[in-house]
Each structure stands twice: as structure tokens, then as C-alpha cells.
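As C-alpha cells, the next two blocks hold two forms of the same chain, structure 1 and structure 2.
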Structure 1
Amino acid sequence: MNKEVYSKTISLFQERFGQSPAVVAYAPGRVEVLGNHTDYNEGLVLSAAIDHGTFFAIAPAEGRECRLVAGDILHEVRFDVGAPAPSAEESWSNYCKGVLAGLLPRGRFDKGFNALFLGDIPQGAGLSSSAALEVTTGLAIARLYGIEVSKIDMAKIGQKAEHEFAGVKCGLLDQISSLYGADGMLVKTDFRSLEVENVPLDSTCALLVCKSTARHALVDGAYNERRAACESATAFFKANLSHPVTALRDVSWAEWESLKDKMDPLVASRSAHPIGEDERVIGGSELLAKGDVAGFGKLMFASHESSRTLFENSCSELDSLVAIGKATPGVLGARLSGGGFGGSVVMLVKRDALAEAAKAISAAYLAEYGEACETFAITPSAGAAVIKE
């Protein structure tokens, strides 16, 4: 949590509204560490809340009008507290308005509010600034209006806001990671039961996010094709296995190997990735419990190889970053993070080698692509919370 950003949030709020906030909430971004494209297959993911996030300051207003300010650009929108609606012009406001809409049925909203948000999540690195904004908005508004909401329900409110107000059909991973983070811990989420637990990451290690220069292209179509392939594979396994199958979560690697030659080759290849990822998350959790960070790092490399060759949701820039990481002293593992087709690579790095590794990786990427690769050292951190009231 960045104390300078917190102080600036308070200062900007006071300058804009002439009062101090009654409540301030904070929510971190997230990084996906292991478990890729498993969420919509009812599988498992290991992620982490990061030490960058978004503050949301709020105070009651006199009438029903809400004033919402984006602290980085100082743009303001106004709307009635009981009638939040999506805005095409100020699309940034839709994440907050959507969360308010999700909370309206849960409480009394006789008066509006004044609010301002500000954060330090690096943009364009796939660290989920949108989910952090949704979560911090939800926590602040709920506390101001005296509404009790469970963590999992808050995650669902954020997801619904993204679906209905921002127009992005996201899963729950980002919101859950932001809410359930813990210092020095990864977040293990079961997307069938929505059970969440924290798994310790050895304190001798840190995470390094390396933002590639790859431009996202045809992501929606590629995503939809892969999801459809997973659904086709689920139908195949349901018809060919003796036990119930409702998602790829129900299929073991041994079962996939025994039946792969009877499947459409592309469907077989696509389905192998989430099936293997589930087993890697289970194995990775066991390795971390034993303190075997080197073994966990090998699973990260295996995860990326699966993305590259089976799911084909990588690209040359991400592949290069993983290869550079593999050749860099102190780097134990590396894989693409998030949906793929561009974005970032997350690396598991020995903490005492972090600075030198980041410098070497940036230099090697620059030499290959002629553009700099931004790097961000990440420490798994505490989840979202109300920090002032």
C-alpha cells in the first residue's frame, strides 16, 4: 500500500469537495501465478494480490446527487444515487456505477455521496486495475451506507458491474484475488466451489512482472475459439468416461492421454492445457507447502510451455521473455500471466537476485526487440480493506 498515494487521495478529495472523507477503502491489483484458462472450466488458480492498488475516498452529500472524480485525470461525473447508468463518454466511471447498482438492492440510499479514487497499478500490464477499482468502490460505499456484504458476494458484484456496465465478460479471478490476498501468500481459488485459501510463498522469493511490448490482436475471437474447444472437449469426455463430467475439471491427465487420439486434434490440444494446469496448481501448492520453490518454478515453466504449444495463447514476445528468464541467474520460473496473446510474463525470482535479474531481462529484451521491457517487482500482499472511517 503506497502511503504517498493515500495522502494524495486525501488531499485531492479535500481540495475538490472542501471536506474530509468519511471512509477510505483500498483494493490491490492481482497477478496470476499458476492456473491459466481454468476458471471457466471450474478449475483451480493460484494468484496473488499485489503491493499496488487503488484508494477510494467517500463522504455523504446533502442531496441525492453523487459526484465521482477520477483522481489521476481529475474528471468528474454526476448522477442520482438511485439511478447509476453506463456512460460512453466517461467509461472509467462505469466500474464504480456498476458496483453502486449492485449494492442498491441491499440498503437505503436516501442521500448521494462525494467520492474520488486514485491508484498506482501500472497500466497495460495485466494487473487488473479494473477489478481493484470495483472492489475498493464496493467496500467504501457499503461501509458508508452500513451494508454488510461477504467477500464472495462483493466479488460477484464487481464481476456483474464489469459485465453489465463496462461490457467485459470477465470471470471472478481478479476480484477474488483482490479481496482474499494476504501478506506473503498466494490465493488458491477453486472455481467450482468458490472456496478460497491462502498458500504461503517462501519469503526468499519475489515475483517479477515483465510487461512485453506485444500488441493484443484478435483476442476476443481467439478467446472464444479456445473456450468453445474446451466446451467441445467437455462434451466428448462426458460421452466417453464412466464417471460424471460437467467441466474439464473432472478429467484427469491420465484420462486425457487415454482418449486424446479419438478426439479432434485441435480440441484435444486445447483441452490438454486447462487439464494440465489443474494438476500443476495442485502439485504446486504441495511443493510450496514443503518449501520447494525450485520445483514450483519448474511448474511455471511447464505451464508456459503448455500455453505455447497446446493452447497457443502466447506470442513471440512472451516466449522470448520466458526464455530470457530461464537463462537469467536467480529466476526459478516464468510464464505468461492472464489471458495471453500479449501482456505480461510473471517470474519467480530469488529476492537477493531481483535487481540484477530485472536489469538483465530488460537489457536482453531491448536487444532483441529494440523496445524496453518494463519490469515491476511484486510482493504478495494483503487484500482489500476499509482503512479509514
Structure 2
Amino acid sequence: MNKEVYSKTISLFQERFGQSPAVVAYAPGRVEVLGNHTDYNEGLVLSAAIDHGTFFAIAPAEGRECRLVAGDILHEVRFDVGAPAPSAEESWSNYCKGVLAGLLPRGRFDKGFNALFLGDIPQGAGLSSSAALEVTTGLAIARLYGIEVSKIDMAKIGQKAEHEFAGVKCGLLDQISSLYGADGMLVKTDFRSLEVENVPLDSTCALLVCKSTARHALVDGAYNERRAACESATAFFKANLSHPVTALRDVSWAEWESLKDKMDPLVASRSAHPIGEDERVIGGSELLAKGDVAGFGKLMFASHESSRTLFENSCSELDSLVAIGKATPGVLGARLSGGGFGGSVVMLVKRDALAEAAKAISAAYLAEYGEACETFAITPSAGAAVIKE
């Protein structure tokens, strides 16, 4: 948690509203380590909450009006507490308004609020700054209005905000990772049972995030298209397998291979990705438990290859970063993290080689693209919480 950003949140809040916040919440971003586009297919993911996040400071207002400020750009929106509606111009506000909309049926909202948020999650890096904003907003509002919400319900409220106010049909990965993070631990989630477990990351390794210069934007429809292809594939397997199929989680790699030639070729290759990823998360978890980090790293490379060739949610900048990682001493594995189509690559790096590897990767990327790529080591961190009231 970044203390400077916290202090700035409080001082900006006081300057804007002439009062101190009654509640401050914090939610981290996340990095996806293995299991890509499996969450909405009821599959498995290994992820981690990261040591960058968003603070949300809030205090009650006199009347019904809510004032909401984005602390980085100092834009403000105002709306009635009972009628949050999406805004095309101030699209940043939609994540917060969508969460308020999800909380309205659970409490009494007679009075509005003054709120301001500020964070240090790199934008456009695919590190789930929007989910962190949803979660931190939800925790702060729920506490201010005295509403009890379970972690899973809070994750679902954030997801609904994303679907209905931002137009991205995301799964639950980002919100769950932000809520269930633990220091030094990965978050292993089963998106069918919604069971979440913290598993340790080997202490000899670190996670290095390399932010490509290709900006990540899920709102452009490519994510929703991939999701639709997975749904078509599910319908196909349901009609062609003798056991029940409610999601791609129910389809094994062997079953996919036996039926792939009967499928629409694009739907076949799209569906191969989450099916293969589930198997990699199962195998990868076993390898991690045995301390076989080299084996785990190989699965990360395989995951990226599957993204690149089958799901086609990579891009040349991400592919180059993975190739650079593969050629860099101390890098055990590398893959795109999150939705794809830009954003970041996450690498598993031997801790003692981290500084040298980061330098070498930046230099190689600069030589290829003429622009630097930001690299930062990520410490798996504790999940979201109310931090002051």
C-alpha cells in the first residue's frame, strides 16, 4: 500500500470538500499468472493481488446529491444517490456508479456522499485498475451506509457494474483477486464452485510485470467476441458429448481433439484455449506445490503460445516481450496477463536474477520498438479492505 498516495488522497479530499473522510477503503490491482479466459468458462485461475491499488475516501453529504472526484484528473461528477446512470463523457465514473447501483437494493440511501479516489495502478497495463476501483468503491460505500456484503457478493457487484455500466462482459477474476489477495501468496480460484484458496509463490522467485507500449482496452468488443465464441463452443459440446456440459470447464482436451474437426474452425481454436488453460492450471498447481518452478514456467510459455495462436488475444508487442523473456537468463516463464490485446506480460523470474533480467528486457524492447517498456517487480499482496473509519 503506497503511503504517499494515501496521504494525497486525504489531502485532496479535504481541499475539495472541506471535511475529512469518514471512511477510506483500499483495493489492489491484480496480475493473472496462469489460466487465461477461463473464469467465465467456469474454469481455474492462479492470480495475485499486487502492491499497487486505489484508495477511495468518502463522507456523508447533507442532501441527496453525490459528488464523486477522480483524484488524478480532478474531474467531478454529481448525481442523485438513488439514480446513478452511466456517463459517456466521464466514463471513469461508471465503475463507481455501477457499484452504487448494485448496492442500492441492499440498504437505505436517504443521503448522498462526497467521495474522491486516487491510486497508483499503471493505467492501460491490464492490471485491473477498473476492478480495483469497483471493489474499493463498494467497500467504502457499504461501510458508510452500514451494509454487510460478503466478499463474493462484492465481487459480483463489481462484475455487474462492469457489464452494465462499462459494457465489458468480464468474468469474476479481477474482483476476486483484488478481494482475496494475501501477502506472498497466489490466489487460486475455482470459478465453478467459487472456492478461493491462497497458495504460496516459491520464495526463490519473483513476478516481473513488463508493460508493453500497446495499450490495453477491453471496451473495444474483442473481449466480448471471444466470450461469445466460447459460448458457441459450449453449445456445440453440449450437443455432441454424452455427459452434461454447462461450460467449457466440462470439456477435456481429449474430447476437444476428438471433436475439433466437426466444429467451425474459429470456434474450435477459440475454445481450445480455455480448455488447455484449465489443464495447465491443474498441472501448474501441482508443480508449484512440489517446488518445480522451472516446470511451472514452461506452462506459462505454453499459455502464451495458446493465446497467440489459438485465442488470438495477443499482439506483436506482447509476443516480442515473451520471446525476449525466453532469451533472458533467470526468466523461467512469461505470458500475457489478463484480457490481452495489449497491456502487460508477466514473467516468473529467479529472485537473484531479477534486477539484471529487468534491465536486459527493457533494453531489448527499446531496441526493437524504439520506446521503453516499463518493468516492475510485483509483490503478491493482501486483498482489499476498509483501512480507516
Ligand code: GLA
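We call the rigid core whatever largest set of C-alpha positions still superposes within 1.5 Å between the two forms. For numbering, take structure 1's sequence and count from 1. Worth saying up front: this structure is predicted, and the values here are computed from it rather than measured.
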Return 1 or 2 according to which structure is the form predicted in complex with this ligand.
-> 2
After fitting the rigid core, is the C-alpha of K97 off by 2 Å or more between structures 1 and 2?
-> no
Align both forms on the core first, then report whether D80 has a C-alpha shift of 2 Å or more between structures 1 and 2.
-> no
Once everything's superposed on the core, is E317 shifted 2 Å or more at the Cα between structures 1 and 2?
-> yes
Give me the C-alpha shift of G291 between structures 1 and 2, core superposed, in Å.
-> 3.0
N240 CA shift between structures 1 and 2 in angstrom, with the core used for superposition | 5.8
